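This document opens with one chain alone, in structure tokens, the form predicted on its own.
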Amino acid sequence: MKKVLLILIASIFIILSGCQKKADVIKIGIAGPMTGDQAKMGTDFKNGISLAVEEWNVKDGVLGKKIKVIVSDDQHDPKQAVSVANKMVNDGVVGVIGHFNSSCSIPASDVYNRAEIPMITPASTNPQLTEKGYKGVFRVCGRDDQQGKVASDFIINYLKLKGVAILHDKTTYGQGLADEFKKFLGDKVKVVYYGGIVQGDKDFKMVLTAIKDKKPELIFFGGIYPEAGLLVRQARELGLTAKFMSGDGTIDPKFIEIAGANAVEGTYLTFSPDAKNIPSAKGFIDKYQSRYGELGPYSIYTYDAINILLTAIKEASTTDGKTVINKLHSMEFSGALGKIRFDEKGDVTVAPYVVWITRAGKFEEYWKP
């Protein structure tokens, strides 16, 4: 009898200890492509979040509890994104940083909205994400209608081109950006070719040959660096000398690595201004580079995103989703990127885009509208 009693007491102690341990942490979800051809972006996400969480946990976390990060791999697949979103909700996360791809963020946002869990994406730029009217969905980056306009202004007013070809990868992000670019060109520049490729394919010479026959002065691509790099390399192999331009999904060293430094020389990319020229970003950049090496394009956005979320939780004095969401809408945050405030849709009130150029195997800021 005594032995049974001891076992019962021990079991109760273990259960209570487990509950106590669970209560002593605040779970934050992070979602993106952690494996596969876009895993570099997922790694950048994790690195930016790790630095922020370390800084908070050294100071006893938030609300007196340590922060625990739940990392989920959506494999840049919309169905997988919904699956990991449901799993994170079931795991008890109180907020999510992600996803990377708009095609993942949009369907996953339905899950977070139903659960009243705030979601902040560092990188999903398709306008549809914040046009759905979900109060708990935010982004710290800009939108494709903003960068599409900058790209078109650059073509019309700076390069003064007459004819362009437009390609996209048929994803929510890629086609969305291509369509915004085309819309803002209007009747000022002739679109001599418009079409899509399949994300994940490796051989684009057939479509590039068709484009070559149209003799465009520039090829604009809406998509991510794996396909962009192959497109540029194969275009040069075919003797296609048209300029090349893409968006924020391409501005990563992997693009240069895939295309080759010679082939990629002189390509244009739309992205936000160089973080290295922002005084408030210096501390983060120094710490990041000493730990992980070269700064990823969205590492600083991820760092700010989780800091915004944790600051909102701290100021709200609760992890209750509705209360935290209201706080996110009402606060102004001072981060590595400077002052950030969200509008009623969850978009940042200031989202500047500029044009970058690839020179000598590196990206550099080139043109401001």
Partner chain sequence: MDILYAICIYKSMFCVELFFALWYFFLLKFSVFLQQLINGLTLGGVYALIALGYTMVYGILELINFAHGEIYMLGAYLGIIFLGFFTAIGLTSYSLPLALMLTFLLSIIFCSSYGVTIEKIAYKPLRKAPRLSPLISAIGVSIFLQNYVMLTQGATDKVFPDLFGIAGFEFMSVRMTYLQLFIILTSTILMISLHLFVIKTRMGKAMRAVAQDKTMASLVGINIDTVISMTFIIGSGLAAVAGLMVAMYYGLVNYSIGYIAGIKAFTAAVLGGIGSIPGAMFGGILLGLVESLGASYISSEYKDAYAFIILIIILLLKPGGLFGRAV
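Positions refer to the first chain, counted from 1. All figures in this text were calculated on a predicted structure; none of them were measured in a lab.
Quick note: we don't show the form predicted together with the partner chain, though the next part is all about it.
Asks: With the partner absent here, would His329, Asp343 and Val348 each sit within 4.5 Å of the partner chain in the predicted complex, counting heavy atoms only?
Replies: No residue of the spot touches the partner chain in the predicted complex.
Asks: So in the predicted complex, is the partner chain close enough to Pro297 to count as touching (4.5 Å, heavy atoms)?
Replies: Pro297 lies outside the contact set for the partner chain.
Asks: Answer for Leu238 alone: is it within 4.5 Å of the partner chain in the predicted complex, judged on heavy atom distances?
Replies: It does: once the partner chain is placed as it appears in the predicted complex, Leu238 has a heavy atom within 4.5 Å of it.
Asks: Would Ala39 count as touching the partner chain in the predicted complex under a 4.5 Å heavy atom rule?
Replies: Output for Ala39 is yes: heavy atoms within 4.5 Å of the partner chain.
Asks: Do Tyr134 and the partner chain share at least one heavy atom pair within 4.5 Å in the predicted complex?
Replies: Result no; Tyr134 lies far from the partner chain in the predicted complex.
Asks: If the cut-off is 4.5 angstroms on heavy atoms, which of these, Asp274, Glu116, Asp203, Asp286, is the one near the partner chain in the predicted complex?
Replies: The residue in contact is Asp203.
Asks: Could you check which residue among Leu159, Ile278, Ile258, Val189 gets a heavy atom within 4.5 Å of the partner chain in the predicted complex?
Replies: So the residue touching the partner chain in the predicted complex, by this definition, is Ile258.
Asks: 122 to 130, 87 to 95, 137 to 145, 223 to 231: which one contacts the partner chain in the predicted complex at 4.5 Å, heavy atom to heavy atom?
Replies: Heavy atoms within 4.5 Å of the partner chain in the predicted complex occur in 223 to 231.
Asks: Since the partner is left out here, which residues of 187 to 202 would have a heavy atom within 4.5 Å of the partner chain in the predicted complex?
Replies: Going through 187 to 202 in order - heavy atoms within 4.5 Å of the partner chain in the predicted complex - the hits are Tyr193, Gly195, Gly196, Val198, Asp201, Lys202.
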